[in-house]
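First comes one chain, alone, set out as structure tokens in the form predicted on its own.
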């Protein structure tokens, strides 16, 4: 009798865990049926190009979740990465527009990103502040700084090097896709094939057990926030390339898509936990949904509403799945 109850609970947990993926595939099927040109090679390339900034963001966020645990409220999360990326894009654009070189502008942007990551790390590991609220506050603060830096105005790109991320090709594949693929592979090796990455996962899996075994958990968590900030720095270049310059206000959409892709990615994991590969696949699916809704003529405001509703559904189903398990 007990074994039947356990089996029933496991089956229910599996079903709930798969529901986010099922909902997304149903949406994609609906879009595909209503937009005949959606399932084409050209559109697939467009989806991949559109997903590149979010892929980088979720790669950084995955490291934070691995180190801090995947609990939505008390676990590891960094909502400030999109704002870090947009701040780096704003700093780079402003300095390039003032005549400085890309190298100098990049150094300034990198310093700003690492400073944001370091402040997050100190507040969370030293002052024991909640990651969710801390990084949300950091998001708001960084947006405010960025508005002062850029005066919240459109800045057209004058440096051709960043444009290469969008326009150049390597063996017929867009250069941006090649670079992001290499970054993801390096991140995968770092997070899953090195002792540091395994220690990071051990810290997120059970903080107490990790500390008893001698791991310096706070140091690992702090390093994950610095890595996430670095990924935000890299994302800044792709934000500039995608928009052919700096445009204010893109951070909100990036955060929506990052959160949605990250938790959607858990559906790809056998244990229904956040993984880097799952999050990357989630980012591509989210980009496909965004482009698909535009293709069938859905108003941009309705698109944001759909994304917000999907986040609520995915996070709620994640919580229900964990409770059932």
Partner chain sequence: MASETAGTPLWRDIVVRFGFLIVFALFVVFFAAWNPVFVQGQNLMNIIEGSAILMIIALGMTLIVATGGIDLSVGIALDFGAAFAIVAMKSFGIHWFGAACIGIAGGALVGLLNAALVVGLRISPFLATLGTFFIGSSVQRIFTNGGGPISYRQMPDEFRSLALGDVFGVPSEVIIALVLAAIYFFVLERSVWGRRIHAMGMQRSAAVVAGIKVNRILFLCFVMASATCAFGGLIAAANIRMFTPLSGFAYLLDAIAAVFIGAALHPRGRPNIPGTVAGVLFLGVVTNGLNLMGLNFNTKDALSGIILVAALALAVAQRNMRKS
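Positions refer to the first chain, counted from 1. Worth saying up front: this structure is predicted, and the values here are computed from it rather than measured.
The same protein also exists as the form predicted in complex with its partner chain; that form is not shown, yet it is the one meant from here on.
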Q | Site test, 136, 259 and 311 vs its partner chain in the model of the complex, non-hydrogen atom cutoff 4.5 Å | A | yes
**Q.** The single option of 148, 209, 170, 115 touching its partner chain in the model of the complex, heavy atom within 4.5 Å
**A.** 148
Q | Proximity to its partner chain in the model of the complex, single hit among 177, 102, 110, 132 (heavy atom within 4.5 Å) | A | 132
Q.
At 4.5 Å between heavy atoms, is residue 141 in contact with its partner chain in the model of the complex?
A. yes
Q: Although its partner chain is absent from this view, report whether residue 186 comes within 4.5 Å of it in the model of the complex, heavy atoms only.
A: no
Q: Flag residue 221 as yes or no: does it have a non-hydrogen atom within 4.5 angstroms of any non-hydrogen atom of its partner chain in the model of the complex?
A: no
Q: Report whether the minimum heavy atom distance between residue 127 and its partner chain in the model of the complex is within 4.5 Å.
A: yes
Q. If we take heavy atoms and a 4.5 Å cut-off, which stretch out of 94-102, 151-159, 196-204, 236-244 is in contact with its partner chain in the model of the complex?
A. 151-159
